[in-house]
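Consider the single chain below, provided in structure tokens and representing the form predicted on its own.
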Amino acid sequence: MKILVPIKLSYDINQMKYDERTGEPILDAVPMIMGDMDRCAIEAALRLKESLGGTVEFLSIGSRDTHNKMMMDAYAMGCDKGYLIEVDNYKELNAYSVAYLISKFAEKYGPYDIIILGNTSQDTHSSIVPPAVSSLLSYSSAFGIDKINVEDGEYVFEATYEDGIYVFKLRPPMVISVTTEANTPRIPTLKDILRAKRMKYDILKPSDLDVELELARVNISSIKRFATPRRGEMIEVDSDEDVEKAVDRIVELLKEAEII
């Protein structure tokens, strides 16, 4: 069995600091790490390897200058092989471009039985990449997985959605995404960390995947710290007579509070 785990270098939102005057994040002061869900994706892949055999490979998109530590972390957890697709201004790639690169990589270096991703990155939380990869590869899929079992060669996944617990039964090839409820990622030992430092990962360019990548830039107009209304402040808007007027009033209040 051959498993691929795409991982992303994300801002550590737990260490986010903000400008007190503008409310904007001071990104230069925020370290970048592998997200928690990506670690859970690697752990899920390693557990499948330990029970069923096979190999676990990981893939990231970015720069060797910024991504090297994360790549070593993936090796320290127990992955067998790593790849980095170097892209200038990788932070400006939109989610579909990321998914497209992952799918082209899987087509060239696969086939992969399972592609496991974190359900969402810890900085953007878009949840777009897993279903986009599945669609591009025409793989069966299940997303937001909390629990993984294998029964008689069939993979059984459980996911908790708003209206209940869903159970999916799939056979490879497949794309799945996991949440932080799926497992507790292992902590590498000192021996694992030292071993990882001696390992190398392959560095690719989009052209190696026959991709002429035109950078699809994500233009961010502004980022501000989330503000919650003060406690005890409640405004009632009567919608009994004119719903449209009530909606306009709610939007006006939200703008005044700088929520939208």
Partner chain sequence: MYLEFSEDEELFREAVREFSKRYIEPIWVEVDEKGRLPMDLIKRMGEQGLFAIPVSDEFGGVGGSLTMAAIATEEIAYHDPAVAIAVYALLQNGWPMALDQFGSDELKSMILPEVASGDAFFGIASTEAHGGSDVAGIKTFAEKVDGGWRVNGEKVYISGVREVLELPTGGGWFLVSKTGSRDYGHRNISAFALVPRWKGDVKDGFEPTVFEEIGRGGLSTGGFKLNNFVVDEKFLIGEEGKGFYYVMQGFNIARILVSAACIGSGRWALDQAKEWLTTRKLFQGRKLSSFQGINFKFAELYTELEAARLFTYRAARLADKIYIERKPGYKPQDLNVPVAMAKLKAPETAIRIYEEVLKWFGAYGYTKESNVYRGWLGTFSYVIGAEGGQNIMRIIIARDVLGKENIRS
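Residue numbers count along the first chain shown, from 1. Model, not experiment: these values are computed from the prediction.
Separately, the form predicted together with its partner chain exists; it is not shown, and the next lines address it.
At a distance of at most 4.5 angstroms from its partner chain in the predicted complex, all three residues P185, K191 and L194 contribute at least one non-hydrogen atom. Note on the partner interface in the predicted complex: the residue among M72, M174, V87, I148 having a heavy atom within 4.5 angstroms of its partner chain is M72. For the chain shown alone, S51 is not a contact residue for its partner chain in the predicted complex, no non-hydrogen atom being within 4.5 angstroms. Contact annotation for N68: at least one heavy atom lies within 4.5 Å of its partner chain in the predicted complex.
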